[in-house]
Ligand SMILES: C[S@@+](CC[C@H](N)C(=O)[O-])C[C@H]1O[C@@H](n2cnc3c(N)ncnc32)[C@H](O)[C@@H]1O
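The chain below stands alone, shown as structure tokens; this is the form predicted alone.
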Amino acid sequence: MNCEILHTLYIKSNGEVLCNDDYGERVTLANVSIDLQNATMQDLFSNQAYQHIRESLSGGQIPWEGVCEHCAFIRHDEPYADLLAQKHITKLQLEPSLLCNLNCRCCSNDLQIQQREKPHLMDPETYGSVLSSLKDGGFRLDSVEYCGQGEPLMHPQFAEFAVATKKYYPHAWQRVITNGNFTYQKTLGQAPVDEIMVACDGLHQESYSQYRVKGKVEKVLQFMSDAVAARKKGRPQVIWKYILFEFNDSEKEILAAQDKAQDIGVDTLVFVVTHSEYHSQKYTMESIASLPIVSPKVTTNAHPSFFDGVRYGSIKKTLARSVLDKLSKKCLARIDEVVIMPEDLLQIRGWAAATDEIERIVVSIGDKVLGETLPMDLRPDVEAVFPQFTRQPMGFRFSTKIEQEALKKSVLSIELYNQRNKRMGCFRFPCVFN
């Protein structure tokens, strides 16, 4: 059993160190505002609460009954790992501000402001003390994510946090997650961040504001445009995060959002499957492969809670297959990713290219045909490597329920057919699941 709590650090605006999950925030592990007065971050990670977590997870038990069962980050099938003991923090999540300028549905922000101890705005000196203690203790820090139950850009001194990170950990990746209802130059223009993820769930005000209450979609789109225009040497990367709800999942709006993302020039537009109230009924984990993607740099993702029990497949490419790929002149196919989600849901992502138009792609495992799909995603990266193939789209996604028995025959087959229903090629991929 494993949990990311032993390789991440989540600090709230009042200095509390909590479990990194909406439900896990019921558990307080420490308070840097108090504890660092007489101790170090190394001492904090060795306190009674952290020791309880280690003993529980290493023994195959959940640490906090009534809490961990609802956690999005508990992984029952992952092997136990304690990176904190190795002085390695993969992500420090910081909540600079509990204050927010929106009133999003399903959000607990109002309640937390009423119940949480102040301050609701973190003192930058507190954060500096954390970084100093980590650095002096020899800790490695891979990334910092500015995000919490409030909006990070509501902090009037936000840039100071990013500057402090750059001072102590100049190579740590800095990501800001924001609702984007701000003027870019006034909030982030001087902050040395590497990535800005902007939550904008819809293209039109009518659909967007049903969840992002009090938000203005035009202001968010302008924020992203200004962020792209201000980039220097490719930083910051700008990610448009579009959570799929029942009021923003029409095919027309999804396609229009992709056009807008291309016009703005964002690095990625990611459509996210969620499990919360008002979630899309059209696009779920079972049906996300049918979401129409017609622009480059568009992808899909899901809430972390969907990934407990995921099994990742490793494609074993044989020498014979490598030789055949190099000799392929008329068609070629590859599998980029294959996973088995909980409840035996198989998901495959890959690409198929041909000199003739591909009418259908048949997916099989062993001798069992699983179903069909079509190329739907643009893959200019493939065209750059294989210039003989110019017909777009090339990328495909496939999702279906699969029986455990079928997994024993773990050879995936991708068959390509043209408009005349003639098979152009069959590509087999031995696959081993973890």
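Here the structure is a predicted model, which means the values were calculated and not measured. Residue indices: 1-based, along the sequence shown.
The same protein also exists as the form predicted in complex with the named molecule; that form is not shown, yet it is the one meant from here on.
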Answer among 342 to 350, 356 to 364, 126 to 134, 237 to 245 for heavy atoms within 4.5 Å of the named molecule in the predicted bound form: the stretch 237 to 245
Of A199, L94, A257, C331, the only residue with a heavy atom within 4.5 Å of the named molecule in the predicted bound form is A199
Considering S207, T274, Q174, T300, which brings a non-hydrogen atom within 4.5 Å of the named molecule in the predicted bound form?
-> T274
Heavy atom to heavy atom, is F223 within 4.5 Å of the named molecule in the predicted bound form?
-> no
Is there a heavy atom of L111 lying 4.5 Å or less from a heavy atom of the named molecule in the predicted bound form?
-> no
S143: touches the named molecule in the predicted bound form, heavy atom cutoff 4.5 angstroms | no
Indicate whether C147 is a 4.5 Å heavy atom neighbour of the named molecule in the predicted bound form.
-> yes
What residues of 98 to 113, in sequence order, lie within 4.5 Å of the named molecule in the predicted bound form by heavy atom?
-> C106, C107
